[in-house]
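Starting off, we have a lone chain in the form predicted on its own, written out as structure tokens.
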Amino acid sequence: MAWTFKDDRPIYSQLVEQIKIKIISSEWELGGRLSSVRELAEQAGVNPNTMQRALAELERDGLVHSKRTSGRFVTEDEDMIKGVREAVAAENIAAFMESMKRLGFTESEIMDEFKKAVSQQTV
């Protein structure tokens, strides 16, 4: 997944979101070592201080941890990752529902549209 940013929110918070997605989608391996702050910042095209701030927040949340001389690692706590994954899904669903209701759809119509969209998906 490429790093993409919008002007509507601070970059560090978008980095936190994108790194969470990389972790919960298993793009970044459970217990895997992260690249250095400088390398990640270069890949994302951001200032290293901004990347450091995002990683510090993820450390506070427990999704990554530091080992003194070895660097940062993704958590190995599968239950935590499952919980974060479910929370992110709930946030996305709530945003979708709110958007559809603003368009004038009832909950029943939203479900019908969702089922139609799912049936048309080819994975």
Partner chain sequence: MTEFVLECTGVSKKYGKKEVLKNINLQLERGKIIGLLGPNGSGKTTLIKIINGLLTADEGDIKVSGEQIGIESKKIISYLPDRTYLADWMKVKDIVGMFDDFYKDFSREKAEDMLKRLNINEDDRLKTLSKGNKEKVQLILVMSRQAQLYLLDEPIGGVDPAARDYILNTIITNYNPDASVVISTHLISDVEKVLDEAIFINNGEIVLHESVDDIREKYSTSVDGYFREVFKC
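Numbering follows the first chain given and starts at 1. The structure displayed is predicted, hence computed values, not measured ones.
The same protein also exists as the form predicted in complex with the partner chain; that form is not shown, yet it is the one meant from here on.
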>> Is it true that E29, T69 and D77, all three, sit within 4.5 Å of the partner chain in the predicted bound form, judged by heavy atoms?
In response: no
> Closest heavy atom of K6 to the partner chain in the predicted bound form, within 4.5 Å or not?
Replying inline: yes
> With a 4.5 Å heavy atom cut-off, would you call G104 a contact of the partner chain in the predicted bound form?
Replying inline: no
> Would R38 sit within 4.5 Å of the partner chain in the predicted bound form, counting heavy atoms only?
Replying inline: yes
> Heavy atom to heavy atom, is V46 within 4.5 Å of the partner chain in the predicted bound form?
Replying inline: yes
> So which of 20-28, 109-117, 95-103, 7-15 is the stretch with heavy atoms within 4.5 Å of the partner chain in the predicted bound form?
Replying inline: 7-15
